[in-house]
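What follows is a pair of forms of the same protein chain, given separately as structure tokens and numbered structure 1 and structure 2.
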Structure 1
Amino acid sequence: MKLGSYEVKLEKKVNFTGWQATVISILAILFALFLVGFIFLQAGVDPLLGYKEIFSYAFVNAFGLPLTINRAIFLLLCTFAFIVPMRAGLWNIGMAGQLYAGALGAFAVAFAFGAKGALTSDLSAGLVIPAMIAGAAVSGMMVGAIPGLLKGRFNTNEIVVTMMINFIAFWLVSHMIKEGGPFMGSGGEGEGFKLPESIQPPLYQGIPFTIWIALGLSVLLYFVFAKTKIGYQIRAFGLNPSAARYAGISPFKISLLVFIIGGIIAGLAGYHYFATVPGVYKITKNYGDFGDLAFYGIICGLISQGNPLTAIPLALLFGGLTNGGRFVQGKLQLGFGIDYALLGVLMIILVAFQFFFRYRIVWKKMEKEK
């Protein structure tokens, strides 16, 4: 394409450095914030004031920061649940169903130990908490194995299967916690029973121990994909399934494995938010909101290019914006949904700017004709 005395063309990048990806992502964030500024202006609010309130509450405020970190832990686990199948070229759209299953598995263990209606000192945290974690992981694994098994054996569409399971798991949770359900709270308020204090995990500055699970998984997954044989097989299958099959890599084993791992991690996300976050400690009546929030893990996974370490700051950013956006909505009397608008624009721009991960715009001055 010609623009004046210049020829403009696109060149495909052979590779790009981490610093280049970081710069592109920062520019995308700044551009998205600039666009959302017009929403603030339309509402009669100075954009600089709006952003100051959002970021100060989310990342500085003594009450808001723990909320941000807890939300980021949840998003990070959901991101990992998406990344593992993604590296194999498969789409896990079932984080919601898997985390619902994880929450049910964790609370089923607590229920079996008599947590429903138990007194504060009735239960041993050292026994019940690890059992709840295992219950969440196993339940998420079982649900995650279904699309992996069907994909590997019958080559079914994993997107359709995982979406169907999401709906099934949603209504299963509803049956378990609503009136007459075994997990219904004692007050009959349409939500699950609350965990007694004895099995509410200890906190440090308002943060549960699950932060170490999330950070540990980020390092472990990075190592697995970069240094291990199974990580190489997953990546090879994702890049070229036919060549991987020719090299002896089993599509059935890879499909089943990545969805099992994804299900386990999503199950842990369910345990984290419903069993460890201060002020929750039960399956809440708005549990569906967290299923919807899990889909942000897809965006984090795509933007991070499947890198578990890069996903950490993204999850923290998204966690902060969801909390800060909801806070500023009330404080500055903004219309409902400013937090969703902010996240929506940010995610669209971040995904759009991924174009620059693969291509560069080259301007070349044309020689004047003699």
Structure 2
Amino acid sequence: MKLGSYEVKLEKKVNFTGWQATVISILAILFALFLVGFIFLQAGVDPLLGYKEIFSYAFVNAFGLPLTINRAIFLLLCTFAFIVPMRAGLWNIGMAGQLYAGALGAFAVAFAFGAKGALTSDLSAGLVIPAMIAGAAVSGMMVGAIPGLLKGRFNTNEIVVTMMINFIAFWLVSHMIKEGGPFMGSGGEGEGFKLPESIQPPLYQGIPFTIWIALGLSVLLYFVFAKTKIGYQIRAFGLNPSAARYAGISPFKISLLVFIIGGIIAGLAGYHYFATVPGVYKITKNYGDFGDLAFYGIICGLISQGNPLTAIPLALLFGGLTNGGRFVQGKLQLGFGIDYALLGVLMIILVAFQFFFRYRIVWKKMEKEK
């Protein structure tokens, strides 16, 4: 292509350095924010003011910051649930279903201990809380195992399967908490029963202990991928499944394993949001919103290129943006769903920017035509 006296050419990149990737990712995020700025404009709000409000609520405000962090923990766990299969070349878009299952599992344990309706019950936190975590992990794992098993055994398309399970789990939660379902709360408003205070985990500055699970997992996963035998096998399978099979790596084991790990982590995300965040402590009526929020995990996973450490600041950023977005909607009288709009725009911009990972644009001054 010719532009003035310059020739613009696309060249294929073989390798790009870490900082180039970072710059491209940051540019993509900024560009998406720029586009969403038009939504502010259209609603008659100065975009800079809008973003200022979002960021100050999300990261400075004493009410907003803990909410941001709690969302970030949730997003981080969803991101890991996406990343682990992604490193094996598989798409887990079933975080929503797995986290619903995790929430149901955790509350099933609480239910079994008689927590329903017993607001002042003196259940032993030291017993019930670990049991609830285990319940969440096991049910997330079982739901995650299905696509893994089917992928490994029959090579069934995991995208469709995980998506179908999202809907199945969504309706199962409704069945459990609505219209007389076993987990329905006493209010009769179609939400789950509330955990008694004794098994609400302790908070530090409004943040539950699950933050340590999330941070610990990011270090652990980083180490697993970089240094261990199993991490090597997952990466090999993700980059070239036929070569991995040639090297004796079992596609069945890897598919099952990554989805089990993904399911467990997503299950923990369900436990985190519905059982440990202050002011929640129940499966809420709008639980579907958190399934939707889980899709930010895909975005974090794609931007971080599967790096669990890079995912931390990203989860914090998007936790803040969605949290602040909800806040300014009310304050500045914007339409509902600015966080959804941002989700959509971010995703498509990311897709467009992928291109820069594969090509670079070369400007060359042309010789004057004779």
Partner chain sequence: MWEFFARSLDASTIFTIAALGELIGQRSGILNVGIEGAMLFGATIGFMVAKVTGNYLLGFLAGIAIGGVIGLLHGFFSITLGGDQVVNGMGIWILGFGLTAYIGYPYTGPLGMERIPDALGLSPFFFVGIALIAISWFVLSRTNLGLKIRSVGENPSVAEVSGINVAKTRYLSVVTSGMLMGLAGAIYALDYNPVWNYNFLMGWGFISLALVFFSMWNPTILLGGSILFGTLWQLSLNPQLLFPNLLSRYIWRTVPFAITIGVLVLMSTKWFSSRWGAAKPEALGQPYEKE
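For clarity, a rigid core is taken as the largest C-alpha set superposing within 1.5 Å between two forms. Fair warning: this is a prediction, and the values are worked out from it, not measured in the lab. By convention here, residues take numbers in order along the sequence of structure 1, the first being 1.
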Name the structure that matches the description of the form predicted in complex with its partner chain. 2
Treating the chain as two rigid parts, note the angle in degrees by which the smaller turns against the larger between structure 1 and structure 2. 6
Could you tell me the distance the CA of residue 351 travels between structure 1 and structure 2 after a rigid core superposition, in angstrom? 4.6
By how many angstrom is the Cα of residue 41 displaced between structure 1 and structure 2 when the rigid core is overlaid? 3.6
